[in-house]
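So this first bit is one chain, no partners, the form predicted alone, shown in structure tokens.
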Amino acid sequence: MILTALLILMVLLLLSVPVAATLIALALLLAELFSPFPLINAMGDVLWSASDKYLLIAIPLFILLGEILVRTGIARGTYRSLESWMSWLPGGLLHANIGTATLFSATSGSSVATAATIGTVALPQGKEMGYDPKLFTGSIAAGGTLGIMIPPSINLIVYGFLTETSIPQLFAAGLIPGLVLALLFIVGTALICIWKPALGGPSVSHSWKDRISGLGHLVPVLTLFGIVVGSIYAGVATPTEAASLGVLGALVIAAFMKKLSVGIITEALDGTMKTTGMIMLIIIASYFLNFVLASSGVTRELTAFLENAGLGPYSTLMLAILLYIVLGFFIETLSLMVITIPIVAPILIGLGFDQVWLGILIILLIEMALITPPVGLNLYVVQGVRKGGPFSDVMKGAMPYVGMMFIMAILLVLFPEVATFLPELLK
């Protein structure tokens, strides 16, 4: 039954069937093949119950927040400011790519928006200064992955929804691992450029006057981070309410900077509706698929297989990590989450692993899938923004960062306190 489900899933994805349609088709086929009950009769109730959750309202709001930042050009000023502070390091602008992605991740909650924005700002400058296109594009694609780890994160909200885990606890748990991963990216990039200086391009020094004057460009992003995350941790707003406060704050800041117009608002709303429609269709389709898997016995069969395999907790965890790495080559990140988490998470939580810590580990593995070919979404985003050059450049440039993510996964397993320290502190 499990092999049949995986085979049908892979065939539909390889045929380029849209993800939501793939999940619904897989659910209907499995229900027809393996269930003695007419599960299709429950489809309407299941889809409705998946789509009327108050928590899910946070998703379009965070997407809108990111869209406003993208359309108003606030990220461009952030990039220039961080360039003046970080471009003296071995690797030059590569560190500005990562640093800006880190700050932008703290407001947008979206990996795709982060990668697209940083790519639009950084790529022309990198080309003009003669940077190696491989590592330069790879640093942008990898930096964009931080958008689903550092709070506020849409993917953490999805994990919380699927596992009924506290969103504020997940946001707190993602902050330190996200910053440590960003630091790993910076240190790893510097070491690569020390080893092969030609990959890093020229280092650029800026005067202290330029650095100090550029700090003003960081104020909008830091202010929005304080509004969104601060209101959640202070207990004055739920994640959904904090997202709405973030949108209001972004509009006020954009208006104050005289970058707001009817056209920008229209474009932001249009982009929000398209992205939200895609995400919500995938979520509700996966909800029905998970209902079918449970009703037809696939979930029970997989659980029994793992329980009878004689594996200990950590052996089972290693098997799950391997599963995510392999599936990440072929399945888009959000789809990978909604397909696997309802099956994998209960098993691992039942073995004694903390569900907040597990969420951060799974999100990290999902991040790896964003930059591993052939389906790494951020690779295509950066290549699309790049508008030229071989796609293999982006793939090769991202590979060192995949290795750094794997190191981070090892750190999380060996030192779970990296993720659990802040949630425990805030209880």
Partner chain sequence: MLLHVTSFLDRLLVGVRAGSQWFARAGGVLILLTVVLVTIEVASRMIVGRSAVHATELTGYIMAISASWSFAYTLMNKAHIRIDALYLNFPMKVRGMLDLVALLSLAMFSILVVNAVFDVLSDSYSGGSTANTPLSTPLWIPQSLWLVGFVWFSFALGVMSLRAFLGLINGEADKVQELAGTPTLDEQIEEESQGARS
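For clarity, a rigid core is taken as the largest C-alpha set superposing within 1.5 Å between two forms. Numbering follows the first chain given and starts at 1. Remember, it's a predicted structure, so these values are computed and weren't measured experimentally.
One more form of this protein should be noted, the form predicted together with the partner chain, which is absent from this view; the next part is about it.
For the options Ala255, Val236, Leu215, Ala198, the one in contact with the partner chain in the model of the complex, meaning a heavy atom within 4.5 Å, is Val236. Between the partner chain and the residues Ala172, Val356, Val247, Leu82, the one pair within 4.5 Å by heavy atoms in the model of the complex involves Val247. Although the partner is absent from this view, Val17 contacts the partner chain in the model of the complex, with a non-hydrogen atom inside 4.5 angstroms. In the model of the complex, Ile349 stays away from the partner chain, with no heavy atom inside 4.5 Å.
At a distance threshold of 4.5 angstroms between non-hydrogen atoms, Ile284 is in contact with the partner chain in the model of the complex. Although the partner is absent from this view, Pro313 stays clear of the partner chain in the model of the complex, with no non-hydrogen atom inside 4.5 angstroms.
For the partner chain in the model of the complex, the listed stretch (114-122, 84-92, 276-284, 180-188) containing residues with heavy atoms inside 4.5 Å is 276-284.
In the model of the complex, the partner chain lies within 4.5 angstroms of at least one heavy atom of each of the following residues of 57-79: Ile57, Pro60, Leu61, Leu64, in sequence order.
Gln169: CA moves less than 2 Å between the shown form and the other one after rigid-core fitting. Once the rigid core is overlaid between the shown form and the other one, Leu39 counts among the residues whose Cα shifts by 2 Å or more.
Fitting the two forms on the rigid core leaves the C-alpha of Pro152 displaced by under 2 angstroms between the shown form and the other one.
Annotation for the pair Ile167/Ala250: C-alpha atoms recede from each other in the model of the complex, by 3 Å or more compared with this form.
Between Ile167 and Val247, the Cα spacing is larger in the model of the complex than in the shown form, differing by no less than 3 Å.
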